[in-house]
Ligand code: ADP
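Only one chain is shown below, in structure tokens, and it's the form predicted on its own.
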Amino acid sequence: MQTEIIKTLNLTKTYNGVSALKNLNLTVNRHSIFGFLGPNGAGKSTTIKLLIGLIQPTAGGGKIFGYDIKNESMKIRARIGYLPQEPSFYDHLSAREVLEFTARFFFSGSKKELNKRVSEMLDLVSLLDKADRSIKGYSTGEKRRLGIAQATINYPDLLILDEPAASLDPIGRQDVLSIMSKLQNYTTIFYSTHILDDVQKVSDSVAILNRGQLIAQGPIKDILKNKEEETIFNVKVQGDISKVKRELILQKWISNVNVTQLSEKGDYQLGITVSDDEYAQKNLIRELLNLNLTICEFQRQEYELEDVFMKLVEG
């Protein structure tokens, strides 16, 4: 079975001499929830339009399901679902009518089977109770969920979502993330976003785009892990720290010690940078106890995706 759903090779798009996308080499594996990240204007929407055949590349190319994105676009479209950043509907229709209309393009079976699929999608996005109401009264979040249902009505092998949680409140964003997690068992999800906290909650792999160029790609755990070659341990201690920095820095595996006084009672925060994470886990506490310090808290500093993103984009 093919594991690579999306594969691009030097995919490039230029508008009037200005590069919107430069030599993009992207790989998205089957059943991944793949977060495609970047600041506004980075080239995310351009990439999506290229993948689904709405625009043609200036150079390079790519494949989806093994089909060429330039010459076999119709074969690709038959197997994908797509949600644009700003989905629009005829407000006088109900959610059920929208899905029934869309489903007719894909279903050749009985009316009963079509209705069953429509009800499944309405249930998935928690709109069954409002299925027969006019869309005009729907909230932004409800319309976004309806858009996901519409994009998924054809049992797609790949679901492409352009900023699916944009402009939603925290509850609406959580609803969208929950739907995406449920769909992962049935399809591959490729979605663009700039909401980094959401990505860290639901994605297994990410790519970061900046100014049309790919600057990072891989499993999210590896992106976070490789932020720094060195690790920082944050330790809250009590006691005499007059010799702490000098004594600790003598250890070959300790490269830096930052000391912050937390109170006049002798409470301090130590930020200890180490080159050997595993060795530090086993020996750092012992070194601190040998210096007659009382350890109140001890933890390895964890990085957020936002830290990684800002460093890479600003760099």
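One-based numbering along the sequence shown. Because the structure is a prediction, the values reported are computed rather than measured.
Form predicted in complex with adenosine-5'-diphosphate (ADP): not shown, discussed below.
Listed residues S119, S181, Q85, S134 were compared with adenosine-5'-diphosphate (ADP) in the predicted bound form; Q85 is the one with a heavy atom within 4.5 Å. Think of it this way: in the predicted bound form, adenosine-5'-diphosphate (ADP) has a heavy atom of just one of I272, A42, I64, L50 within 4.5 Å, and the residue is A42. Per the 4.5 Å heavy atom criterion, adenosine-5'-diphosphate (ADP) in the predicted bound form is contacted by stretch 32 to 40, the sole one of 65 to 73, 275 to 283, 32 to 40, 243 to 251.
Every member of the trio Y15, A20 and T46 reaches adenosine-5'-diphosphate (ADP) in the predicted bound form with some non-hydrogen atom inside 4.5 Å. Along 94 to 121, not one residue places a heavy atom within 4.5 Å of adenosine-5'-diphosphate (ADP) in the predicted bound form.
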